[in-house]
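This document starts with two versions of one protein chain, written out as structure tokens and named structure 1 and structure 2.
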Structure 1
Amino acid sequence: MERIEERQGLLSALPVLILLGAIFLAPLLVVAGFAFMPPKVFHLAHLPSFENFRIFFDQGYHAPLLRSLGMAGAATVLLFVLCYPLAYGMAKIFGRFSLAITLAVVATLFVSENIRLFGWVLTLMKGGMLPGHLEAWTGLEMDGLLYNLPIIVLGLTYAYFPFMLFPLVQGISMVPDDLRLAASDLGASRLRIFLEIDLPLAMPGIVVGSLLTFVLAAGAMAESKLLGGQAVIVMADEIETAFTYGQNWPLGSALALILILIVGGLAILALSKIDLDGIMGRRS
């Protein structure tokens, strides 16, 4: 009965809605409120001011923002290239083996991101697992591979690998095999099939995967801290610094708000373009 479903839908949604209202929407509103407070206050009971946004432009905060977005973009492109062949294999070729890969990849998610990144530190540092062993075998002096920008991009690529892989698998498995067969039957080359059939039909998965990795990478902090040392400052660092050392909540909020608007805007844009029921496999 559609009226029953109408009511049941709303009632079932309620727990999550209340939860997210209290711990997601409300805090974001507070951030937005603080962003328009004068610097260095700790209450919302002040006259609104645009001072923080002036500071953003005057003190060159756009540089870490662009750095964050640039690294996120690079990591996303890299992830797409790295994940696509594997996702294709998992969706179309491996069969039962793809379940094993899925489990193995999901299992890494359950290990704290910190610990995994620290594992990379131990692997790549001077005298770490890689340089140390190479040194022992070749006798050549090896330097550590840490503390530069490319290694942070690799760290991001590593950390968000599953977030690109699984949406891609889902997207590619939505491409009907018949279509690819028919195109190949009609004489299309592999490249043509990829460009005209695989890519457009797998697009929902590609969009979700790219968006997810980009957004998560743009707001990431642990990678630059652990792998980059103090050599590379990203947006999330600046936000944290403003809150902690700077004790300037309004400035931190303004910086956070700018990041949130970029990231949230992208997320909403992409989410509104995707047929969620289709990608998650509704029957009817």
Structure 2
Amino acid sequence: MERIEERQGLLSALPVLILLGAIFLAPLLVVAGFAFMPPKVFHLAHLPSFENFRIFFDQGYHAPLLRSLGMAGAATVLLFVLCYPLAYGMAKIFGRFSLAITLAVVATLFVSENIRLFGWVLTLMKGGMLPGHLEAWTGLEMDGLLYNLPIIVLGLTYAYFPFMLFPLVQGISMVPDDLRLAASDLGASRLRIFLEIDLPLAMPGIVVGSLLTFVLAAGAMAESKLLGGQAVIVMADEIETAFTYGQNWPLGSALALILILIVGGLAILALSKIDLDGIMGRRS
């Protein structure tokens, strides 16, 4: 009976799987195919070549890659530190007020990310709102605060705040209050309760939120372009340059494939450490 239900479920999901394969998998296969073509080639009718991967190492493309991964990791850690207290309040303390916070956070997604980032540009640029007011108060001439790594990390943190917050709320809500109260009655300190109960039981939400923010931040380009200018080049910038200005599709595909494999590998490794059945409510 169980096998029949599984077979029926697979058949029911087959059209959606085919659609997802056509939408998501097919473009990735095309990118993977171009990655093994010789440079400056615009069709797949060539023998496979590893020239683009040699160029990746010879021309120092690993530096933008490490920069992208480092900033994504820093933004993920910063987002966790900022979001956890708010997520805990939304899950355990605020009650109906949590709905107002949810609507306020979701409302920010109704505005284009680029428009919101331009707001930061106007705030931090030389003569902008923040440096301009500081000049007026102190009488000292100030440069703009843009075009450096910390500002880009700030932009990533701002842009992907909801993607960390809401999974954390879900994960923290899975922690039983009775278990925390029992540990407190037995003399456990708040720190011990946090480390041995709250964090382990909320780990599914923590991992999902961290994955969402890290994956999105690692491939982000708008933050580096608007807040970093030409001073900070990330991997997404190099990919765009190869596909557009460089007119080198194989090199752009190789760079994209390397980024996809690294980020995807980290995501699979993280997902293997959490209980997906528990997240989906299938745990008996």
Partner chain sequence: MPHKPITRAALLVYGILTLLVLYLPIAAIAFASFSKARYLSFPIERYTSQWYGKALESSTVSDLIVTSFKVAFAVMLVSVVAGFFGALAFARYRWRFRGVFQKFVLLPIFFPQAVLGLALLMWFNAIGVTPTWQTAIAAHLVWIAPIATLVIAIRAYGFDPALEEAARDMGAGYWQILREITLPLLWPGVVSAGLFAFLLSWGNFPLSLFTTGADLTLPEWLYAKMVSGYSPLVPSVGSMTLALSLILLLASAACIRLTGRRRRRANGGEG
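By rigid core we mean the largest C-alpha set that fits within 1.5 Å across both forms. The structure displayed is predicted, hence computed values, not measured ones. Residue positions are counted from 1 along structure 1's sequence.
Legend: structure 1 corresponds to the form predicted together with its partner chain, while structure 2 does not. When the rigid core is held fixed, the Cα atom of residue 25 travels less than 2 angstroms between structure 1 and structure 2.
Comparing the forms between structure 1 and structure 2 on their rigid core, the Cα displacement of residue 16 reaches 2 Å or more. In the core-superposed comparison between structure 1 and structure 2, residue 260 has its Cα shifted by less than 2 Å.
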